[in-house]
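Only one chain is given next, in structure tokens, and it is the form predicted on its own.
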């Protein structure tokens, strides 16, 4: 957690509506100087709208946005000193690489010597100083992405914003750029917000991830905590694979609950009351073949085995057609075959329990 008084960027109580649709609903977010926070969520969850509000491209209906202690809620974009890298890069084809990087500085009417030095520094950061005089059309997609980043860096912004900035790249190049971009941001100590719907990208790059759903932040935490200790059923479902089984709480005692399901009775940490409908879940890597003697167990039939290099993803059909996913090492999966019976077990400490969502009419 970040103390709002010590944060570099503070979003407080932000609400945004378009006609009758509430896109953001009283969103709070505090980001420390030098921190990269990713807004992660499905299309329509409000993440790009929040980014545009920070950039000043849209104004909120309620709430405040503060950067470096200055309230910028109603300040126009050109007076915010915020850099934005768009999905489309938005480079000018009639300008050279250096001309594109210098654009923001020239708009600010900086001296020519200052512009030249800033452009050189920015191109050095992205390792493209040797292409300064090349036309934009002669660059690859990955090089254009770096130039868009260099242009944003050249003005030394208080905050950098990335709107699906890597999504146009192919997978291998995107993964390379994730590592390179993280290196650059750490090297310069930049404060940044990164918008993506790609969970792997968020887990790879972020200091913290803000998982968004229906205009609200479901959970904001470090990547490991988001994955291993999801605070909501939505976060569990959206980030990573999981096995989920619906049931009814049969007993509750001292922070532990027993949930009766079609697959069996499972124990989990939780405070739900007996009779409550619940979803119990776990991650595939916590499942093991056989019984460990002290955890949750279930039996079923192997439906599919998917080879994933050093591990195999095994889909098991349990009672009532319920699916259990197990990520097993090559040794554990070596003797398994489709159609064969199997017993799986996993620790109670790695079993999640959430209130079951209400059925929609």
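Residue numbers count along the first chain shown, from 1. Worth saying up front: this structure is predicted, and the values here are computed from it rather than measured.
Below: the form predicted together with a small molecule, not depicted.
Within 4.5 Å of some heavy atom of the small molecule in the predicted bound form lies at least one heavy atom of residue 42. The small molecule is not shown here, and in the predicted bound form it never comes within 4.5 Å of any heavy atom of residue 296. Contact between residue 222 and the small molecule in the predicted bound form is not found at the 4.5 Å heavy atom cutoff. Taking the partner from the other structure, the small molecule in the predicted bound form has no heavy atom within 4.5 Å of any heavy atom of residue 232. Segments offered: 331-339, 47-55, 303-311, 28-36. Contacting the small molecule in the predicted bound form at heavy atom distances within 4.5 Å is 47-55. Against the small molecule in the predicted bound form, the set 12, 70 and 188 makes no contact: no member has a heavy atom within 4.5 Å.
Here is the short version: of 81, 252, 87, 143, the single residue with a heavy atom within 4.5 Å of the small molecule in the predicted bound form is 87.
The contact residue chosen from 216, 197, 134, 110 relative to the small molecule in the predicted bound form is 197, the criterion being a non-hydrogen atom within 4.5 angstroms.
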